[in-house]
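Given as structure tokens, the chain that follows is alone and in the form predicted alone.
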């Protein structure tokens, strides 16, 4: 059982923060996806990283009704964590991602895109 599951109030508060932040970056008038989607989450941390498997479900739940209608639309998930002090290269830097880096502390970068062809596996 994860730490978040044992601390329900903390989990609920964290979901609210994720939702509020997601709403800030969701384009006005943009509707929730109705088809199948791929959810890509990158957790940029600055000290101690939580396990990525513990952050997926709360994030997935927090953006229901905003990014998609129901989390059963999520067919693919890519989750990764990166230490802000580590070495990595960013390709295709977006203004949203640049803003996250400019804050200088840990942040989540969440991308919701149309799911890949379900009949093709790599």
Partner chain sequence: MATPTANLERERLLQLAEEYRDKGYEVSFHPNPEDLPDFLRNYRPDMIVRRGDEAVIIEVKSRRSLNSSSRQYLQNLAQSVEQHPGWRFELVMTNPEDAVYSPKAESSLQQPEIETRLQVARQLATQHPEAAILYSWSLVEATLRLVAEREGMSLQRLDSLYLVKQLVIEGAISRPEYQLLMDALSLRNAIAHGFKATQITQESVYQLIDSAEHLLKTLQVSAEAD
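Quantities reported herein were computed from a predicted structural model and do not represent experimental measurements. Numbering follows the first chain given and starts at 1.
From this point on, the text means the form predicted together with its partner chain, which you will not see here.
> Pick from 34, 94, 75, 30: which has a non-hydrogen atom within 4.5 Å of its partner chain in the model of the complex?
Replying inline: Contact residue from the list: 94.
>> Looking at 35 to 43, 64 to 72, 50 to 58, 86 to 94, which stretch has residues with any non-hydrogen atom within 4.5 Å of its partner chain in the model of the complex?
In response: One stretch meets the cut-off, namely 86 to 94.
> Quick one: is residue 103 in contact with its partner chain in the model of the complex, heavy atoms, 4.5 Å cut-off?
Replying inline: Judged by the heavy-atom cut-off of 4.5 Å, residue 103 is in contact with its partner chain in the model of the complex.
> At the 4.5 Å heavy atom threshold, is residue 98 in contact with its partner chain in the model of the complex?
Replying inline: Yes.
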